[in-house]
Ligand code: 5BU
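What follows is one chain in structure tokens, specifically the form predicted alone.
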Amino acid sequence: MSREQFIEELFKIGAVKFGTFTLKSGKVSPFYFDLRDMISYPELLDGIVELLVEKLQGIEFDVITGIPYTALPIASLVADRLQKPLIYMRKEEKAYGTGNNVIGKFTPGAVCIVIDDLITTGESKIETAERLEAEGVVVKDFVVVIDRSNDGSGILAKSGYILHSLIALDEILAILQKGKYIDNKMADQVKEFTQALAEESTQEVENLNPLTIKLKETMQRKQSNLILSLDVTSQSEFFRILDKTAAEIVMLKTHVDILDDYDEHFTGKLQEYARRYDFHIFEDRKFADIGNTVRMQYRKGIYRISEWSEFITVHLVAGAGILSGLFEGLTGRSSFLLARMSSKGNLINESYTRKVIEAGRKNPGVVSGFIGHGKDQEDIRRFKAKFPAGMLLLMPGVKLESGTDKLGQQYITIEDAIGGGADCIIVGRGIIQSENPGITAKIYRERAWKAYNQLNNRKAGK
């Protein structure tokens, strides 16, 4: 089957449609691709397998996978034709039995070619690669049937992957125009729509709440991106350490409920310190319940957190509706969403992380950014690249030297954290358990701010 015949057949079975279609984003598109029904047309499947086998010539790999669901049967046929092992990643992580998330046999370090039906933004491809790599598989190349992206090759290249595509959108339009399946007007509408999407994606505007802007201004004014996690159990110890460290920090992270001697005077004294030393207050309560419950936890009880803490932490396990429960009717308050954790064996996966980031994108009025950890600079860069423009990454698990503690907490260096894209580092025991917390805090602040400036200078081409 020739490429022209293949494209025409896709149109005839309705896999390529033109008209008016509302996308998941809410945008109205003049075209839509849905290749799922290809599996019901044996002749068409034979044609696509022939084209893929031809495209794979010259690419070295050990195993083949397809991204479920559409591409998996296609990958199976290609694997059979080339006599290569097939593997595939479970859609959801397995929590029982052997716990294997990759089905099929492979040797750790095996190079895998990844087949998919379409590429639009490239995000799902990178997510698949990251999940496979976490299981010991090496991913270098992706092969897609249709490239409907504006710059899919460039998007994947930034993460170190190579894209191979059978058919580009321009070729589909040209062949269908030639065959009189669509007219010039429709082709122009499709081109204008895709160009507009490309321009929109490269010109994402910072949509930040006033408190996020205020925090960024404080960072510049104090030349600090150090957040101190002051987890002690007595007020005397709390303020003794704060006296020594307050000049070095941009924000203080508290767990007010661990104080054995908490009283009604504590928060007033804390706010006075914040005004005197010019830092923000961040109560790390990690709200994670239904809207009505978190509203009372935040505003009522003996702590009345909403009255004195500018920022809080939110788990989104209960859904994005928790944000309405927390912040409805309030001003001058914001949150950081927990998108990753630094503890070994935590249950947060990449799918959950992406949903958290998307919730932040939709709620910039009450979300200032995200909390998350990364194993190295490249991992952090990929994580930060998913963020809405201008939102901040706060990173825990940072010490002067990398390592792991006896409870499974994983640590990376200041330079790796900031070099990967973290805006602020969160440091607790590395400072408060040191012999001189003030001097240690100064070392953290100076190294973190130096790394922050170096990163920004590189981005600016200086």
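The first residue of the sequence shown is number 1, and the count goes up from there. Note that the structure is predicted; figures quoted are calculated from it, not measured.
Form predicted together with the ligand: not shown, discussed below.
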TODO: Decide if the three candidate residues Ser342, Tyr411 and Val427 all line the ligand in the predicted bound form, where lining means a heavy atom within 4.5 Å.
DONE: yes
Open item on the list: Give me the residue from His255, Lys140, Lys244, Arg354 that has a heavy atom within 4.5 Å of the ligand in the predicted bound form.
Closed with: His255
Open item on the list: Please tell me which of Ser306, Ser229, Thr212, Ser149 lies within 4.5 Å of the ligand in the predicted bound form, judged by heavy atoms.
Closed with: Ser229
Open item on the list: Looking at 234-242, 278-286, 384-392, 119-127, which stretch has residues with any non-hydrogen atom within 4.5 Å of the ligand in the predicted bound form?
Closed with: 278-286
Task: in the predicted bound form, Pro396 touching the ligand (heavy atom, 4.5 Å) - done: yes
Open item on the list: Against the ligand in the predicted bound form, would Ala75 count as a contact residue? Criterion: heavy atoms within 4.5 Å.
Closed with: no
Task: Touches the ligand in the predicted bound form: Val114 (any heavy atom, 4.5 Å) - done: no
Open item on the list: in the predicted bound form, is there a heavy atom of the ligand that lies within 4.5 Å of any heavy atom of Ile371, even though the partner is absent here?
Closed with: yes
